[in-house]
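Listed next as structure tokens is one chain, alone, in the form predicted on its own.
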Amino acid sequence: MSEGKTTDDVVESLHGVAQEMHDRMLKGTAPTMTLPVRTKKNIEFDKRLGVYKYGKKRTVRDATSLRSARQLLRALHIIEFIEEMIDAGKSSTLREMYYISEGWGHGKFGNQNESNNLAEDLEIVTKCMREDFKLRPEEDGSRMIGNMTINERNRRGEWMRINARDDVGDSGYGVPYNVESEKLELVEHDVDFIMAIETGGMFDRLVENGFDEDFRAGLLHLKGQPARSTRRILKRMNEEWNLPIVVFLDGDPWSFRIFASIAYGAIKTAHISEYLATPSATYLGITADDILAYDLPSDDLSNKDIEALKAELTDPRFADGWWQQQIKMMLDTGKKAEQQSLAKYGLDYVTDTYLPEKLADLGLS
């Protein structure tokens, strides 16, 4: 639940959206919904929060066009659906909501992205979070391992105390979709930093090599582009436990964007960047210069890779001089590399040499 919001607050916020549409129709005017333009050209750095938020550019949906009228109708259907779930103590996946819309007549969604985006639109206008609406993603969350103890409330409402090293198997603790305090409490830890890792293969390599114990680290598998719950728990561990967050990714433009979503805020969720982004997070590697310095096996950049890198040069989240240097270096060399390319030097090289050297540069080794 968003900080300070009760289920009654959430329902009241949703009713406010419907009431505003109703009031406009009673006056004989078209109902509207005003939203920020959700592109990289409309994100600005918020100095107070230290993250990127939507700027002042707005778009207005009104019932004067068929497309906008259908979107407003869908919004009303979603509001009714969410209220029914809250009253019944149920939750739904975004995918389930998409299929439920089959019974909404003209409000039926054309594809999954339409329903996902409209749920985010309602977050913006109500200042609530998707988790407040009892909507959850289809996929499961990240995995976590290390000497960290949490309390998780199970489906019976009982608290379970779990140590993410001693009470789990090699796959680690599965992070739930809702990691707010009413569901998950951070109890205590005995680690010096959290390392977020892009690929499952590298996460498993570090676990097998005992990296979490040897380096007093908490390890978290991002599972590629991280889910909101993953970004949220990273932020909570950074703020509540005062732990540094380092991010270990592949060396390519898509991994750069993964880091941006963790540290600066994702463009799609810029309305809640202050809840999800961890501004102090550090990019550990693979960097463009790592490919050269460690003579890593690499692949040629594809045309899509090149387009993505060029787009990042104009993305305000990558305006920092270091990022500009890394992006231009990757474009100049025309090469990208995976985390697991470090296996060129043996299975233990990443934990015996590469990570200790990189962590030493950050003062964490």
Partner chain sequence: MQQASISEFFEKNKHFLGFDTLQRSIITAVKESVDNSLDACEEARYLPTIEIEIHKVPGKSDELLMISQDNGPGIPPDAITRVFGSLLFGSRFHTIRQTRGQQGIGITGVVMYSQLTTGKHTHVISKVEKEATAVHLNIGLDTKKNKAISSNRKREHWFNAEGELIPHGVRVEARMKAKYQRGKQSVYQYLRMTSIVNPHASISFRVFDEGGAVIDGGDWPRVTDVLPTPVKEIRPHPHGLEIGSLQRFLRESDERKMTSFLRRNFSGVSMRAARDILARAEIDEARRPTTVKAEEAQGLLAAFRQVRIMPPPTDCLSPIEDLLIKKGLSKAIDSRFVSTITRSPTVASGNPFQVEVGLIFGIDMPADGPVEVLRFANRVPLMYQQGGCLLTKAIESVDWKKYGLDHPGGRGIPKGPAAILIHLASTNVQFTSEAKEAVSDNEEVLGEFRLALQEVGRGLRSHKRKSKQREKAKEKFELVNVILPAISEKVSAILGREEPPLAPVISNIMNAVFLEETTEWDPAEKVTRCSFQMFNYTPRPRQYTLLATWPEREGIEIVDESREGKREAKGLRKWKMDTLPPGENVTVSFALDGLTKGDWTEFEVFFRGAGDIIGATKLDEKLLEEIRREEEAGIERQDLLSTEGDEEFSTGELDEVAPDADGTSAVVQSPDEESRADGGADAETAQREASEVTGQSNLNDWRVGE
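Numbering follows the first chain given and starts at 1. Rigid core (definition): largest C-alpha set, two forms, superposition within 1.5 Å. What you see is a predicted model; the values in this text were computed from it and never measured.
Only in words, not in the display: the form predicted in complex with its partner chain, which the text now covers.
- The contact residue chosen from A69, V60, L313, V37 relative to its partner chain in the predicted complex is A69, the criterion being a non-hydrogen atom within 4.5 angstroms.
- Comment: its partner chain is not present in this chain, but in the predicted complex one of R136, H271, K235, H77 has a heavy atom within 4.5 Å of it, namely H77.
- In the predicted complex, its partner chain sits beyond 4.5 Å of every heavy atom of L347.
- When its partner chain is considered in the predicted complex, L73 lines it closely, a heavy atom lying within 4.5 Å.
- Interface membership of H106, defined by any non-hydrogen atom within 4.5 Å of its partner chain in the predicted complex, is confirmed.
- For the chain shown alone, T64 is a contact residue for its partner chain in the predicted complex, at least one non-hydrogen atom being within 4.5 angstroms.
- The stretch from 237-245, 79-87, 92-100, 192-200 that comes within 4.5 Å of its partner chain in the predicted complex, counting heavy atoms only, is 79-87.
- Residues of 26-49 that come within 4.5 Å of its partner chain in the predicted complex, judged by any heavy atom, are L26, G28, T29, A30, P31 in sequence order.
- Fitting the two forms on the rigid core leaves the C-alpha of D250 displaced by under 2 angstroms between the shown form and the other one.
- Once the rigid core is overlaid between the shown form and the other one, L347 does not reach a Cα shift of 2 Å, moving by less than that.
- Superposition of the core reveals a Cα shift of 2 Å or more for K27 between the shown form and the other one.
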